[in-house]
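In structure tokens, one chain follows: the form predicted alone.
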């Protein structure tokens, strides 16, 4: 029954792609499945928390705009300066952008020297929170603010257990807050960010997810208490206390979460790396589709021509072979069922050889489908996105420029 449903779904997509204006490797996003995932996400976030879209995982202006409207959010998390520049030319005066990693000061300075001139609604000084992970970087942003003659917003990264950087103890955090307070004419404190994917990725034998989550939450709460009790001039109700991510967002639907702002992106399209228990309610919504260029009876390997018959007997899938347009993406073949690259022939980014079960009905100009391992890296291999709804292809969406 499940396979019959899958067959109908991909057969419909195959026909839509065969009727499309050109046949090249394409990135598909199923808007109907995306809508379901947005609904699941909204149900998993308490009313007290804002949802922030992770742009690196959904790198398309139209895709981000679609999710902003459907999810009812104007908050974004950005990890790449070219994406920030592109967004700055298009978002409105309600958008709030939190940088997801600390930017080198040269990159921040470059951004301000090359601001888009066509969006007068966006204020790049008041609508961006620059992430700062050390006292030295904080001083660099203070110096940049002086050079620009503009006040900058800074959000402090705290280490809640991932150990990838950020303020790891209250003394270091206190020193940074003191520096912000002493330079209030240059920088505005905008909040904290603590990323916790390790919580669900640690082997249970080392530490349980419950224990890791509690340790993360406890340190975050201590950081908030430090601000509220010893830096009262910096405390206000508009501070951003950001954290989570697709793997852990559901864990923060609890009264003891210190967050008022959660980020996610990949769960909305669910590539294979996110097939994890905490995201079991989400459905795959992104695929790569690529056409079959050639079809052969049997499988012939260079310098092994005499073994063609043996190969066909050893593995029934070798009785038919196909070459596709492109290949070697970070992705798994998902349709036709049983499709796989030929290990002896080897991978190719130009034309990959595939084999499939003997009963597979796959012809030249048909499409094979893959599920990406992740979205943020794989999506950028394609020029655009083909949104689909009800099995029909809609107008293409452009991917954000990566330079």
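Values in this document were obtained by computation on a predicted structure and should not be read as measured data. Positions refer to the first chain, counted from 1.
A second form of this protein, the form predicted together with a small molecule, is not displayed here; the remarks below concern that form.
Novice: Have a look at 327, 291, 102, 265 for me and say which one sits with a heavy atom within 4.5 Å of the small molecule in the predicted complex.
Specialist: The residue from 327, 291, 102, 265 that makes the contact is 265.
Novice: Could you work out which of 160, 193, 199, 76 is the residue within 4.5 angstroms of the small molecule in the predicted complex, going by heavy atoms?
Specialist: The residue in contact is 193.
Novice: Of the listed stretches (176-184, 237-245, 121-129, 103-111), which one has a non-hydrogen atom within 4.5 Å of the small molecule in the predicted complex?
Specialist: Stretch 237-245 is the one.
Novice: Consider residue 26 of the chain shown here, and say whether it contacts the small molecule in the predicted complex, taking contact as heavy atoms within 4.5 Å.
Specialist: Result no; residue 26 lies far from the small molecule in the predicted complex.
Novice: Does any heavy atom of residue 38 come within 4.5 Å of a heavy atom of the small molecule in the predicted complex?
Specialist: No.
Novice: With a 4.5 Å heavy atom cut-off, would you call residue 274 a contact of the small molecule in the predicted complex?
Specialist: Judged by the heavy-atom cut-off of 4.5 Å, residue 274 is in contact with the small molecule in the predicted complex.
Novice: Does residue 57 reach the small molecule in the predicted complex, with heavy atoms at most 4.5 Å apart?
Specialist: Answer yes; at least one heavy atom of residue 57 falls within 4.5 Å of the small molecule in the predicted complex.
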